[in-house]
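Subsequent text provides structure tokens for two forms of one protein chain, presented individually as structure 1 and structure 2.
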Structure 1
Amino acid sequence: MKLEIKRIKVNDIIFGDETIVKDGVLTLNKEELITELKKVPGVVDVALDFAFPGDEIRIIPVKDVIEPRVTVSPKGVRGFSGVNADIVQLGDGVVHALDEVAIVTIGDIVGFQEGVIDMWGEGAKWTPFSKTKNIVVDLKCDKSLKPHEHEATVREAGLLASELIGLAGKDCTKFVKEEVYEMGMPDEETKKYPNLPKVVYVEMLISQGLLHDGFCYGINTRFTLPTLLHPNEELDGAVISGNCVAACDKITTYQHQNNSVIKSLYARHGKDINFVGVVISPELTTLDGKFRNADFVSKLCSQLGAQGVIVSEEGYGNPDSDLVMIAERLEKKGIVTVLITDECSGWDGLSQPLTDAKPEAKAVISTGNVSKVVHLGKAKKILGDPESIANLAGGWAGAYDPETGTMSCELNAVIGATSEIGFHNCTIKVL
């Protein structure tokens, strides 16, 4: 498979008479976009705004972040396969992406685990989306919708917005960067690199219902077994977020489209490792489900001949058990296993970081403490409802002070703060 992602430089975003990219300026026809988004069943009203890096703007409560793109080859492919478009095989072709531009959906709260993005100050340090030029889509939904219907409506509207805005780059011919991801099937790559260790990436996805679901080719992963993907499929939009898991480690659709682990492994493929595939593994709530998925992950990695496996988690709490169960099974087969997870260590950082442990889970990369409290300054402009922090994971009643405009919360409430695929701003300092 060969996937080319050609990135279009966007210096500014404005409203105008047509939706187009020209001379580094992305122009959006506001009325047309709102008209199209209001066609999504359940959407009552839509407002559009912008938030740029350094602006003293707070966005809350954030539901998802999506990169606007358009597929230019094969022709006729639009949207997200199996979600808001026909089912097509992803991972081959040419994609134009609006570089460092993001669609951010907000609106009435769906579940308590949504989040906040600050574009400046202390809050900007903790979210990767303080660095993107954000098109904020504020969605008002039919009040009669049930929570799951509400989530689906917002998800569909956000994906549609990214598709419609991505079309602006269809005819662009100048690019700031061109990324090429090319890899054959595992047996082909092994023939090319017979002496390199085979490495598999296992990506755990929240798949627990209760507004905690990921999707692959439009299928809720709660109803699937662990599945082998070509790395290009995820980079091409096969995996999307449909969950309201804690904002800090929710893997947004944007992060799936730009998965840090996949890109890092690709950079080393053919040099010091043979990157043979991605296994997505559902995180279920039942003990039988956890056993079944851990067994299947172990089997798939063994069938691929893996000598090393990287496992990333999504969320924390009971998924910690899935994480260490997978490590136990892989290590007992002689497969070197490295885990990526965040910690829930309390405000003082002294509590037990994970809810489960196994002696085989011995190589662990921490992406930070979700319980760390941060204090956020007064915004000049708020997109959304700051009072919603009282209902978000990591927030509490009184966390927002309307008199001073300041806000306090745990990193739990900050979108992408402790991303367990490494798509965040935290680093480790070795003393």
Structure 2
Amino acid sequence: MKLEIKRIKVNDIIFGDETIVKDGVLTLNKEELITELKKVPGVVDVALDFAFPGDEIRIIPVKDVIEPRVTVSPKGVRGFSGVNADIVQLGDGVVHALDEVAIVTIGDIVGFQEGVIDMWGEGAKWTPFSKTKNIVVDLKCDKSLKPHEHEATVREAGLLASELIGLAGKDCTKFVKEEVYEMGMPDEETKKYPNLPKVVYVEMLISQGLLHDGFCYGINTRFTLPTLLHPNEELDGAVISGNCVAACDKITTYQHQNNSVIKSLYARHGKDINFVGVVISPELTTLDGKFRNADFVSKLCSQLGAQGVIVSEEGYGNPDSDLVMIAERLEKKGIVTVLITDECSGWDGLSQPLTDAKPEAKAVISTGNVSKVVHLGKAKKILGDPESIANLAGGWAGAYDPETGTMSCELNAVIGATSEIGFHNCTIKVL
């Protein structure tokens, strides 16, 4: 498979008469976009706004973040396969992406929803989406919708917005960066690199029902066994977020489209590893489901001849059990396994970090402590629901100072702050 992602530089975003990119300026036809988005069943009103790096803007509650793109080859492909477009095989072709531009959908589906992006100050340090030029799509839905219908409506409208805005880059010929992802099937790559260790990436997805779901080619992963993907399929939009509660460690659609683990493994493919595939592993609510999926992941990795496996988690709590069970099964087969997860280790960072443990889960990369307390300044402008601030700051008495408008919250509430696929700002310091 060969996927080319050609990135278009966008220096500014403005509203105008047509939706187009020209000379580094992305112009959006606001009325036209709103009209199209209001055609999504259940959407009653849409507001569009911008938030740029450094603006004293707080966006809350964030539903999803999506990279606007258009597929230029093969021709005629639009949207997300199996979600809002016809089914096509993803992973081959040419895609134009609006570089460092993100569609951010907002809308409160349940009262305790959180997920904040601060574009400035202390908050901006913790979310990767303070560095993108954000087109904020505030979606008001029919009040009669049930929460799962509301979530589906906002998800669909967000994907449509990214498709319509992505179309602006269709005819561009100048690119700031051209990424090429080319890799054959495992047998072909093994012939090319017979002496390199085979490595599989296992990406776990929360798959538990209302507001805790993931989608692969439009199928809710709650209803699938662990599935093998070519890495290009995910980079081409096969995996979509339906999760809107675990703000700090949910994987947004933008992060799937630009999965850091996939990109890192690609960079080493043919050099010191043979990257043979991606396994999507659903994190279910039932224990038997967890056992079955851990067995299945282990079997798929063995079938691929994996000598090493990288496993990334999504969320915290019961998925920790899936994570360590997968490590247990793989290590017992002699497959070297590295886990990527975040920690919930208290304000001082000293408490037990995960809810489960196994002796085989011994090589673990931490992407940060979700319990770390950060102090957020007062925003000049809030995009979204100011009432959601109460949820953000409501974790303990005295977290919010109404006089100054400042608040304290844990990283839990900040979008992508402890991304378990490493698409975030935290790093380590070697002492």
Partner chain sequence: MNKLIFTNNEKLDGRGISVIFVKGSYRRVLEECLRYLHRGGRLLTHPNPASIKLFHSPVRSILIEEGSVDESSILLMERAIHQYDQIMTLHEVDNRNLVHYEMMDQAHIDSALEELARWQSS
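For the two forms, the rigid core is made up of the largest set of C-alpha atoms that agree within 1.5 Å on superposition. Here, a residue number simply tells you its place in the sequence of structure 1, counted from 1. Remember, predicted model here, so these are calculated numbers, not experimental data.
- Only structure 2 is derived from the form predicted together with its partner chain.
- Comparison between structure 1 and structure 2 places the CA of Glu403 3.7 angstrom away from its other position, after core fitting.
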